[in-house]
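Read the single chain below, which is given as structure tokens and is the form predicted on its own.
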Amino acid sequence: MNVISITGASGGAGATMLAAHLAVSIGQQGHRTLAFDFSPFNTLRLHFGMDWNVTDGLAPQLLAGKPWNEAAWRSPDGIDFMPYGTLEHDSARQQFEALFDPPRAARWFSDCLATLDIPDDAWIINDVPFPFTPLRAQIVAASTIRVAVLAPDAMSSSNAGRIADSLRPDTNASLRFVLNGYDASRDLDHDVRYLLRAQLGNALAPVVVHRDESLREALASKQTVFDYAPSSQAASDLTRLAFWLTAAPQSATA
């Protein structure tokens, strides 16, 4: 089983978008995929056509004392995913996170994966926002590939080292960086890409995800870009990126 955790180096870097599209693209390669949303914003589901008004998901399910797997959904494209769910108040989110305070449930995620009846070549894709809570930390720890999504701006560039330290593997996992929202017409984007390549080396994906209005339009239509604009630059970039992530040597780190 292959487990990917995806974290944005800054707000709006595109981690949720990348998680959704990797789940679909890897699925199109013939692998079973399952996507988890561990962000309270609960937006991963929108890429898979789930109605905004549906409140079901992992967090309300566990807070109600019900089995976690009963909160799973399947998209029209056949992608299995676990929405975070809707929690109306900060106190409810705090109660949910408290369920995983060590040592009560320090291996909850690994135990969940062990119960899944899926092929050995299946891929688990996790949207794991920063900063890390005890729950998010255990998901990263269980991941065989850890991905940081960077925007081509000064914030992401300056945060790359801090994110690398938080994601740096202490096992045989690999650490990858993806540049998202790249605009070839802007000098700053070129400069940031050059600096990141010098800083991160081969851990930086050779494929950038170009800035493409199709991505925003696809989300507004509650689709991935593969369905909404299959001939778009973004669809091509994300397909190539999925192949690189699944085929690249597992030892590369920054």
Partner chain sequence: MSAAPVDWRTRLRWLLTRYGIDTAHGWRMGIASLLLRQPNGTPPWRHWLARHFPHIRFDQPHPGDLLRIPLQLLWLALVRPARPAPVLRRGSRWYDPARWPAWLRPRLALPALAHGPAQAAMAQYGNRASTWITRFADLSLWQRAPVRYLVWGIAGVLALLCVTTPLDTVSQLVFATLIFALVFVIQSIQGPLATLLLISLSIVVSSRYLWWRFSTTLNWDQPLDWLWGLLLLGAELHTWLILVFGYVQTAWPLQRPAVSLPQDTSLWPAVDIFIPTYNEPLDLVRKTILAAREIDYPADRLNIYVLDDGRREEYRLFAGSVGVHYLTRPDNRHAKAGNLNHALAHSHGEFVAIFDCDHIPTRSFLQTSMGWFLRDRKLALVQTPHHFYSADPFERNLGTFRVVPNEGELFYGLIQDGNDFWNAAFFCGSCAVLRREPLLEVGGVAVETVTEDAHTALRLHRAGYRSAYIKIPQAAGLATETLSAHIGQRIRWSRGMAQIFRFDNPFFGKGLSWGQRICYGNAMMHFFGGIPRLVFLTSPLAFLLFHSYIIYAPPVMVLAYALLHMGVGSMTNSHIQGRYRYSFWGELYETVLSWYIVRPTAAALFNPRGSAFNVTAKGGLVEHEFFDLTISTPFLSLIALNGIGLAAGIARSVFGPPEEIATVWLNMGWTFYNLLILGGAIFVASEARQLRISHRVRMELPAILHLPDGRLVRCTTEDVSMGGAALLPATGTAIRTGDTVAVSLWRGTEEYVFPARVIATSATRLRLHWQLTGTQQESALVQCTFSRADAWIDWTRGRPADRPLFNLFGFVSSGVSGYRRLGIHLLSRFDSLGIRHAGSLQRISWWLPRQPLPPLNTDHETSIA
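Positions refer to the first chain, counted from 1. These figures come from a predicted structure and were not determined experimentally.
Another form, the form predicted together with its partner chain, is not on view; read the next lines as being about it.
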Is His190 one of the residues lying within 4.5 Å of its partner chain in the predicted bound form, judged by heavy atom distances? yes
Contact with its partner chain in the predicted bound form for Ala184, defined as at least one heavy atom pair within 4.5 Å: yes or no? yes
Can His210 be called a contact residue for its partner chain in the predicted bound form at 4.5 Å between heavy atoms? yes
Wondering, does Thr246 line up within 4.5 Å of its partner chain in the predicted bound form on heavy atoms? no
So which stretch, 30-38, 66-74, 224-232, 52-60, is the one near its partner chain in the predicted bound form (non-hydrogen atoms, 4.5 Å)? 224-232
Can we say Gln138, Arg162 and Ser166 each have a non-hydrogen atom within 4.5 Å of its partner chain in the predicted bound form? no
Between the options Gln199, Asn202, Ser214, Thr43, which residue brings a heavy atom to within 4.5 Å of its partner chain in the predicted bound form? Ser214
Residues from 46-63 in contact with its partner chain (non-hydrogen atom within 4.5 Å) in the predicted bound form: none
